[in-house]
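In the block that follows, a single chain appears as structure tokens, in the form predicted alone.
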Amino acid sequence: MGFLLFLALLVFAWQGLYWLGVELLQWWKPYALPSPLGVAKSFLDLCQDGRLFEAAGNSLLRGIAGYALALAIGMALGIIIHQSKYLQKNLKPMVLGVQTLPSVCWVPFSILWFGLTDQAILFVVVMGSAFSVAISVDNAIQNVQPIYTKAALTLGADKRQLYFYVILPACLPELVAGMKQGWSFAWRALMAGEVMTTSVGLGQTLIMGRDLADINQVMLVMVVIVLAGVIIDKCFFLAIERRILRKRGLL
């Protein structure tokens, strides 16, 4: 209830700022500052013909598909890096360096290699997220207490058993945190890929609003992007975190 009240006050303050700065004092042009009423009107307009739901659905499907690929590649790469001191010394710094690249840097490669297709967007999502997941996996495994692995090896565990029954369960909370971070990178990379292509999605809808000088549509898409990211985090990752903590008696 407190959050809803805060949100209502925030919206009223936003509308008041628009009324004061645009209509009363005329500090800004109407096309330069969005308003809650204008955003609501854009929401109704985009919902009437189904464009908003189609764009959000397409973006979610691409985001989930790209994130799943990035998760598989990143986890495999992180485990491989952890197993080799040579790769720890030489490959990990390169992975860290590549991860600092903005996702938009991969867009020219994706367009040249895949054209203006969904595969190009998925490529940007994977490249924007996989290295973050790899780093998180390697760090999570490194933070496992050495006594766990020593005890497992003493009891005769082989390498497969060591990873699946000792290391991965021990580092699971940190792995989930890394997965959550990987999702945030994937979601941002998805928007970078969509704004550069013609595929229907939230990114393309945002660019359409820019081209039409419709600042309210741009703001609406930004709000939807934020809400989608928050909903995925709360409904999926937070549920996993709570289940892990509850099993370990920490909740």
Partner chain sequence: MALVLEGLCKRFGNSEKDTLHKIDLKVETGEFVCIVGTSGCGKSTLLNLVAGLEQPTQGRVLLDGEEVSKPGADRTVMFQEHGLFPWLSVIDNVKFGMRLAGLPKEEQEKKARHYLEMVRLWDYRDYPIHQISGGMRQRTALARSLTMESKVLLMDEPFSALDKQTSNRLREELQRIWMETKQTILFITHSVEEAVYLADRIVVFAPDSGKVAEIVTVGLPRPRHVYAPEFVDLRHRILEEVRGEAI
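On a predicted model such as this, the values are computed, not experimentally measured, just so you know. Positions refer to the first chain, counted from 1.
Here the subject shifts to the form predicted in complex with the partner chain, a form of this protein not shown in this document.
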4.5 angstroms heavy atom contact with the partner chain in the predicted bound form for residue 161:
yes
Does the partner chain come within 4.5 Å of any heavy atom of residue 81 in the predicted bound form?
no
Would residue 170 sit within 4.5 Å of the partner chain in the predicted bound form, counting heavy atoms only?
yes
The partner chain contact in the predicted bound form: residue 89, any heavy atom under 4.5 Å:
no
Choose one stretch from 123-131, 71-79, 99-107, 147-155: the one whose residues place a heavy atom within 4.5 angstroms of the partner chain in the predicted bound form.
147-155
Could you tell me which one of 141, 166, 176, 135 places a heavy atom within 4.5 Å of the partner chain in the predicted bound form?
166
